[in-house]
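Shown below, as structure tokens, is a lone chain in the form predicted alone; questions about how it binds or moves come after it.
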């Protein structure tokens, strides 16, 4: 049935913080840099390869570069920059949907309050335990919990569900990192969630174009553009310095959204001295009762280009690509800058313990296009020379926020990320991998060890790898 609540049930001040997004400014910048010269594009690429953040104007130069040769140079540069900063590791996670009750009426979302086809469900404690055990049985160590926007899913509810997840241990399985995708909160509520030990708190603006935002958000608290835009400011004020932003590509012109994301990054760096930990850029997909409008469709060609531009524009920010995208697109953009993907994804409520083979959009938020199991994704990554990683070391050693920047900006993060990725890969190979995956995985580890440049660090890494084979777990640098 349709579930509708009034936004007054949420704490929204009469005058939220002023928006830092000026649509006229963004369009003026895009229009001022149309048809850039080869020299201009290559100068921006050179700056990015020197690990400097790009300005809005410089990003606009790359966005407006349409010559196929220049686009390929952008992609080649993104590939080079990614490997110089992050090495060959790819972080893996899984989404776990906790509840799909929602007071919002967002035209593009299967959870919208007026969608009578959506089957509403909220996981109880035992349901969460069952789902987490299934995820641990597959080998997962990192989850993102997803909630509809509803009074039931308040800060206490989120915090309690996080604690339940962390408490589930099955065999050698455990969840070491719980991220959150949920409604914007006020400062005190963010503090409550922080105390539960969360990792990243994600809030996607969906579109940075306010006029479009108001057209697609028809009711509920989410229709308040500025309240959502400043949500992660309140998270920062509550002490959550690990935040994730995103735009839903296809609601408005992708070029505008790109500069909106960069402006959001600029805002965080100017006010809090640290950028967002991650950026997401999902393309809009069909959902229960909703068909995609082709007016602002983002082609595969534009999508692969924009991923490369993001990597050049924000070299030290994690880029997340989800199973919304099909396998062949995921394979391509992994090269250009993506650092995190999901694997073995099921976004149906109670989906990880379900025997269903077909997606049911009446029980899901949107359509996914990569249905491979976690091990299929792992084996594919290993076969392409990537090191799958479940590492959570930075978060537990307080290498987040400004501390993360201290390590990542000089390039030191590669030194930690790659060996820690090997250690978590070894855990997976020992505990969950079929024989063929295990053989390929250890061959990849051996190949990487042969080219290791720091002999003393290599000896420590080899020692930890051997200890994992002997049964120790959760070893990291």
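Numbering follows the first chain given and starts at 1. Predicted model, so just to flag it, every value in this text is computed and none were measured.
The following text describes the form predicted in complex with S-adenosylmethionine, which does not appear among the structures shown.
K.L.:
Given that S-adenosylmethionine is left out here, which of 89, 222, 177, 140 has a heavy atom within 4.5 Å of it in the predicted bound form?
P.N.:
Filtering the options by heavy-atom distance leaves 222.
K.L.:
So S-adenosylmethionine isn't shown here. In the predicted bound form, which residue out of 147, 166, 316, 268 has a non-hydrogen atom within 4.5 Å of it?
P.N.:
None of the others qualify; the residue that does is 147.
K.L.:
Every residue in 33, 256 and 311 with a non-hydrogen atom within 4.5 Å of S-adenosylmethionine in the predicted bound form?
P.N.:
Per the other structure, none of 33, 256 and 311 touch S-adenosylmethionine.
K.L.:
If contact means a heavy atom within 4.5 Å, which one of 200-208, 380-388, 325-333, 121-129 is the stretch that engages S-adenosylmethionine in the predicted bound form?
P.N.:
Partner-contacting stretch among the options: 200-208.
K.L.:
Although S-adenosylmethionine is absent from this view, report whether residue 82 comes within 4.5 Å of it in the predicted bound form, heavy atoms only.
P.N.:
No.
K.L.:
Examine residue 349 and determine whether its closest non-hydrogen atom to S-adenosylmethionine in the predicted bound form is within 4.5 angstroms.
P.N.:
Residue 349 lies outside the contact set for S-adenosylmethionine.
K.L.:
Using heavy atoms and a 4.5 Å limit, would one call residue 181 a contact residue for S-adenosylmethionine in the predicted bound form?
P.N.:
Yes, residue 181 is a contact residue.
K.L.:
Are any of the heavy atoms in residue 365 no more than 4.5 Å from a heavy atom of S-adenosylmethionine in the predicted bound form?
P.N.:
Close contact exists here: in the predicted bound form, residue 365 approaches S-adenosylmethionine to within 4.5 Å, heavy atoms only.
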